[in-house]
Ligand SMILES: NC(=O)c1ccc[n+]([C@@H]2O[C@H](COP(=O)([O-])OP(=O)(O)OC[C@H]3O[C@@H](n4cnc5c(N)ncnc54)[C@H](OP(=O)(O)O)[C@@H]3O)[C@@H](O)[C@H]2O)c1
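Have a look below at one chain only, the form predicted alone, in structure tokens format.
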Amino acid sequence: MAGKILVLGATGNVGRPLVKALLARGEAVKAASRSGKPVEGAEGVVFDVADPLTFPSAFEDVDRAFVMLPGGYTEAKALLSPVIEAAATRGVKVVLQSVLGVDADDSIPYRQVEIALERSGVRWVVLRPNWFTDNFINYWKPGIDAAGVIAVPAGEGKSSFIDTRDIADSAAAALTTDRFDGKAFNLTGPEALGYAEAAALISEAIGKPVAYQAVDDDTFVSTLVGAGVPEVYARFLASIFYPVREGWTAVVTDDVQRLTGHPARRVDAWVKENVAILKG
């Protein structure tokens, strides 16, 4: 009899649709969050990535786990390595949400977490998503509302933005079959768009001007801090725009299709679905 699946970050943009997808497949799910509240009808369990004392109860009766670093945290290696170790000690398969491009340099903290997982002796799958399409609501909407501007330090770079539901669907596939074990997947949308192109799509959909404004890192950080984002996390977000400016995030893969059997969702489709939120 299969054990339960532990989903970290279960109340988040990837975690919540992942819980729903797993329940739809008939899996028993433990939805982990700092509150420990049930999610989408799944059993809730208290879990804090920064508190190893919460690990044992979370991993009880679990044979597979979706592991990710919740938003707001920046110390990937320091925080995720103990989680990987806890899973390995219990023989739990791990599907790790990493970040697109980290395989370029083994000194990158997320890549070091991947390496630790690869060497752990447990079954594993690594998912490396590109920038989330949902960031246009989660992070950039205040600028759209206040000034009709998306102000980020992306230069002229393009990104193959990915819908978080496609990450969740990919994770569900990786967690419920062994066909993808021992492999890493670069998750992208079906096309690469610049922020000016994305702004134009949003502008047309909501019926008001939205423009892209290329800013420097310090301006970007000060804007986020003013919106309530902690400075450490704001500077982390600024740092990961460097690959965007360098053109590295423009890559497009078919890995979502390979994992899920369906093509990745387009940005224009996501915008149309979220018009009410973008207008609000």
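Start at 1 with the first residue shown and count on from there. Values in this document were obtained by computation on a predicted structure and should not be read as measured data.
The next section is about a form of this same protein that is not shown, the form predicted in complex with the named molecule.
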> Thinking of 48, 99 and 132 as the candidate spot, does the named molecule come within 4.5 Å of a heavy atom on all of them in the predicted bound form?
Replying inline: yes
>> Considering non-hydrogen atoms and a 4.5 Å limit, which listed residue (182, 71, 207, 91) is close to the named molecule in the predicted bound form?
In response: 71
> For the chain seen here without its partner, which of 244-252, 62-70, 224-232, 22-30 has a heavy atom within 4.5 Å of the named molecule in the predicted bound form?
Replying inline: 62-70
> Does the 4.5 Å heavy atom contact test between residue 13 and the named molecule in the predicted bound form come out positive?
Replying inline: yes
>> Is it the case that residue 35, even though its partner is missing from this view, gets within 4.5 Å of the named molecule in the predicted bound form, heavy atoms only?
In response: yes
> Hey, in the predicted bound form, is residue 110 touching the named molecule, heavy atoms inside 4.5 Å?
Replying inline: yes
